[in-house]
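Before any questions on how it binds or moves, here is one chain, the form predicted on its own, in structure tokens.
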């Protein structure tokens, strides 16, 4: 009877942890109807915050979104957002449809909880 008790104590237990990363990083590209239109980093951030406010109200506008890197030639940006606000940011970017009375769309290129993961893209890797 004592051997049976020991087997019951050593039962396999699976533990799954959620991602504990405090931030998520998004690489996004803004597609505008008029390709000659250019935005500064400040205008881009204001546009993103106005989209958050439109969809999620003052709570969305209070979300801390940082533009870490921005290329005004390609309209590509690297954004940092708290992990809790990722879904709100992503949904508001998806639903933004116009900028200064012209059609636009955000294309989410990459998302990761690790900034280093966005430094390269295996789809564009060229081996010699």
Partner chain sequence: MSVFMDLNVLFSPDRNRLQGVIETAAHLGFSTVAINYVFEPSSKKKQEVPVPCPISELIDQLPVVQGRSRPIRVLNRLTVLMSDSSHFRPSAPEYRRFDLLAVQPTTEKLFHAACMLYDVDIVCISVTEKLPFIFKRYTIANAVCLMDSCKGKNVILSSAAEKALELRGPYDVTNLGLLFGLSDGDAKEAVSSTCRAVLLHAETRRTASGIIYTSRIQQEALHDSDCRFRLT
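Residue numbers count along the first chain shown, from 1. Please read these numbers as outputs of a predicted model, since none were measured by experiment.
Another form exists, predicted together with the partner chain; not displayed. Remarks below refer to it.
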Partner contact for residue 115 in the predicted bound form: the partner chain, 4.5 angstroms, heavy atom: no
Proximity of residue 53 to the partner chain in the predicted bound form, heavy atoms at 4.5 Å: no
Contact flag, residue 106 vs the partner chain in the predicted bound form, heavy atom cut 4.5 Å: yes
4.5 angstroms heavy atom contact with the partner chain in the predicted bound form for residue 59: no
Residue among 41, 49, 68, 32 with a heavy atom within 4.5 Å of the partner chain in the predicted bound form: 32
Listed range touching the partner chain, judged in the predicted bound form by heavy atoms within 4.5 Å, from 59 to 67, 97 to 105, 41 to 49, 75 to 83: 97 to 105
